[in-house]
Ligand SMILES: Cc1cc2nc3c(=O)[nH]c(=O)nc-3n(C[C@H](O)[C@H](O)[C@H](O)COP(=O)(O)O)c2cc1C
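Quick heads-up: it's one chain on its own, the form predicted alone, in structure tokens.
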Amino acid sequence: MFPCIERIAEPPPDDAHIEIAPTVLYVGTPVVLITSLNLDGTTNISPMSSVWMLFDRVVLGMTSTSKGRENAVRNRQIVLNFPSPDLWPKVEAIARGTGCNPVPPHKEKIGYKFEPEKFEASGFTPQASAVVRPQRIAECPIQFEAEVIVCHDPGGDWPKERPEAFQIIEARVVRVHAHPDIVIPGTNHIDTAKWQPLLYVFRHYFGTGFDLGRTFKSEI
């Protein structure tokens, strides 16, 4: 018998990577549907993918001209609804819609339209929240009710006058809801064998496998 010899992986050559300049940096983040309260008491839905979580906090990146950001800052209450991969057509159905009227010029230029009835346009079902005023989306297997803690502009030299300027919103999760079929019975744990998020990868929708389709803003 020959002794087992562990093979040491060779480091990649210096030219293993090429330098690129992508227009977006969405390497793979979950899609979240932010529901927020309009001035007239109705609920707006904002599809977005710039979100990350730490303990009971969520940090969101929302464009300054979005109705969702306006509502979140004004009312300090939102719901983060996490869709499953099969819901991507409903998400894309409202991807071109904005609650802003008139539509901001830079959004109108790339195809956005005013859409005040996003539940109807998407086919999603509104569901009452337990703690906050904005409604939840019944079809989404995981929902976070949250309160906005702080909102601030990006640091550094990002010019505020750019039409795609954004703000960073920190919110505290106050209630979590989940479909029973993705929860391990008798626990507070999500069954990861039964749950997978809808992912946004360089403007394409994925589950954890095949490419499901692309958003209208995809460049390829």
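Predicted, not measured: the structure shown is a model, and the values here were computed from it. Just count from 1 along the sequence shown to find any residue number.
Heads up, the form predicted in complex with the named molecule isn't pictured, but that's what we're talking about next.
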note = Answer among 65 to 73, 172 to 180, 148 to 156, 186 to 194 for heavy atoms within 4.5 Å of the named molecule in the model of the complex: the stretch 65 to 73
task = May I ask you to check whether residue 205 falls inside a 4.5 Å heavy atom distance of the named molecule in the model of the complex?
result = yes
ask   = Is there a heavy atom of residue 50 no more than 4.5 Å from a heavy atom of the named molecule in the model of the complex?
value = yes
inquiry  = Even though the partner isn't displayed, in the model of the complex is residue 141 close enough to the named molecule, meaning a heavy atom within 4.5 Å?
reply    = no
query = Can any non-hydrogen atom of residue 95 be found within 4.5 angstroms of the named molecule in the model of the complex?
reply = yes
ask   = Counting only heavy atoms and a 4.5 Å cut-off, does the named molecule in the model of the complex sit next to every one of 83, 90 and 134?
value = no
note = Across 107 to 126, the residues having a non-hydrogen atom within 4.5 Å of the named molecule in the model of the complex turn out to be 107, 112, 118
